[in-house]
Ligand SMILES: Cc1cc2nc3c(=O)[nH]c(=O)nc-3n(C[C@H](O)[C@H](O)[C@H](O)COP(=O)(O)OP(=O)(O)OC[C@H]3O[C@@H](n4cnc5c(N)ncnc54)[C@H](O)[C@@H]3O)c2cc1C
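First comes one chain, alone, set out as structure tokens in the form predicted alone.
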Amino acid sequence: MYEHDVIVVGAGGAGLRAAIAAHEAGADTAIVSKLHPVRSHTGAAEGGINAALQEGDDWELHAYDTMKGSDYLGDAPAVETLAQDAPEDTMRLEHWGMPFSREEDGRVSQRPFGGLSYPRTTYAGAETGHHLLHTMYEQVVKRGIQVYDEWYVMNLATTDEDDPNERDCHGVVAYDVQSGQIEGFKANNGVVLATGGPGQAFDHTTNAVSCTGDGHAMAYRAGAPLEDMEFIQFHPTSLPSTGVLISEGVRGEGGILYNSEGERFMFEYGYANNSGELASRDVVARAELTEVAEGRGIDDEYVHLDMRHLGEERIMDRLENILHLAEDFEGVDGLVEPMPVKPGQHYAMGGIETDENGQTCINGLYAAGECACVSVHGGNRLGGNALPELIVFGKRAGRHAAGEDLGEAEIRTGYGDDVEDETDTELPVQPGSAGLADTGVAADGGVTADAEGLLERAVERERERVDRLMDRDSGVQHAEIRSKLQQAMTDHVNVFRTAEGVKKALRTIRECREEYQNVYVDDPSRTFNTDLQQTIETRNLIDVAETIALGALVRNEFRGAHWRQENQVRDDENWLKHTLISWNGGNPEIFYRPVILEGEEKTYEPKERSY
């Protein structure tokens, strides 16, 4: 067994920042990650970090843009915290040595991004996330923070009180990919989940194969609600063949979208008469797919993104890696021809419900980054707001987990008097594990026991689970289940959604859950067994995909990234509230909590969101 004050699960931007902050607060801190830190998916972030740094810009403008971009589903305390803290936290990165792009006078460069009223996106070429990871990993090494890399965290160790608000998290159980050993990690103060997004729930995604919603699923089964899971962002510019991301920085520098007729359709067809290509991501993604659906797409699949007019010097200075991506994956030279792009699943606005200090309703359990929902992004994330979220709320989660007093949180979590009753939407199938045999594999994977000896029993349970998986010599392989799940989500819970389509997805997810009862691991080895790891990850994807589809079914309105054919208007009277889904011992329940629109000095009144 390993023991530390604070254990951070995940070594991307949020995890590294949380670990640094916890260490600075005096805690013995360790990172447990299934990847080496610099291989984390944060490294794929290309665009930049939004922060009000220049004269003429201020945090209030950033907060307003963020709230408008969220389609007024963001919580004002979180939005304002992001905007207020981003400048200082961004400049701290610069002081740590992050090589931001600069203007001729030496100031860090900032460029326009979609949905922003001011060019406040600070960047390092088109490799901002890559440099962010390396900069913070240097700080982790400098401080001597223990990193257990290639340890896959399988589950949390939590107590078993009936009310999740009264449960405590005492640590995690992890699998050493190199040796095959399963061990416990005791957290004296707290566990911070920073495990990234659930992109592998979809077939066409910009996310890495490691983005399997592990933190979401573990916290969910332990009793922490998942919030606003229906809001999935589809980035307008991914490469058709692979889903590889083409940065919004291309459009921020002046890149233009054209349809098959050579028309600049964002203006020609009135999708965004003022902002054009720099409208919010959900607006641009819907516009592209509409062009394809109406016969103006190229090869009935994609549109063109053209940056040739920017000139070779500017492209090589600010967007060089985009040239390499287009050439390597599509065989296109962006200096002489336009690039093919189409929307791809990119980001989850929802996640584990937390307050602005990263605390969940379970004592000692924190979450930060894409796996968390504070909620700063609401119904739609603005480009350039993911990286400041990592550093701002990663820092706060680490400090609070270490025992630092950050003041009382304004955002409530868990089950309280401010939540509304369960939804009355009729579900097509029974969600969760209810009705399935408790094999220890497909049934409730959360560990609940008395506090005494909790971690030892949690470790033993996970060892037994692996033994059962490894002892089977026939059945269904996880890849078949995962492929079926991904296709259903891509077909039915995509940019455009219908009630019947989402119900089809839920039925397929139920089939996947039932098939998982007979899953087996083909690789018999106990070392570097990626087949075993991916089998466990697939279970997590089933749970997380189901919450996405459930949220998409019950929210009968059009808000942000959630488009519903049956109701194509934003319904502030009935839906200005967060969707919460709890595991409830394998019988998921859905309830709601009002959005907080009251900020520090102003109330954000919902207005028409146009660009």
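Throughout, we count residues from 1 along the sequence that is shown. In this text the structure is predicted, and so the values were computed from the model without any measurement.
The protein also exists as the form predicted together with this ligand; that form is not presented, and the subsequent description refers to it.
Proximity of Ile352 to this ligand in the predicted complex falls outside the 4.5 Å heavy atom cutoff. This ligand is not drawn, but in the predicted complex it has no heavy atom within 4.5 Å of Phe202. The closest non-hydrogen atom of Asp228 lies beyond 4.5 Å of this ligand in the predicted complex. Of the heavy atoms in Arg559, none are within 4.5 Å of this ligand in the predicted complex. Of the candidate stretches 203-211, 313-321, 480-488, 334-342, only 203-211 has residues with heavy atoms within 4.5 Å of this ligand in the predicted complex. For a residue to qualify, one of its non-hydrogen atoms must sit within 4.5 Å of this ligand in the predicted complex; none of Gly171, Ala219 and Leu455 qualifies.
Between the options Ala44, Leu61, Leu53, Val554, the residue in contact with this ligand in the predicted complex by a heavy atom within 4.5 angstroms is Ala44.
Screening Val392, Val303, Leu245, Ala326 for any heavy atom within 4.5 Å of this ligand in the predicted complex leaves a single hit, Leu245.
Residues Val9, Gly10, Ala11, Gly12, Gly13, Ala14, Gly15 are the members of 6-24 with a non-hydrogen atom no more than 4.5 angstroms from this ligand in the predicted complex.
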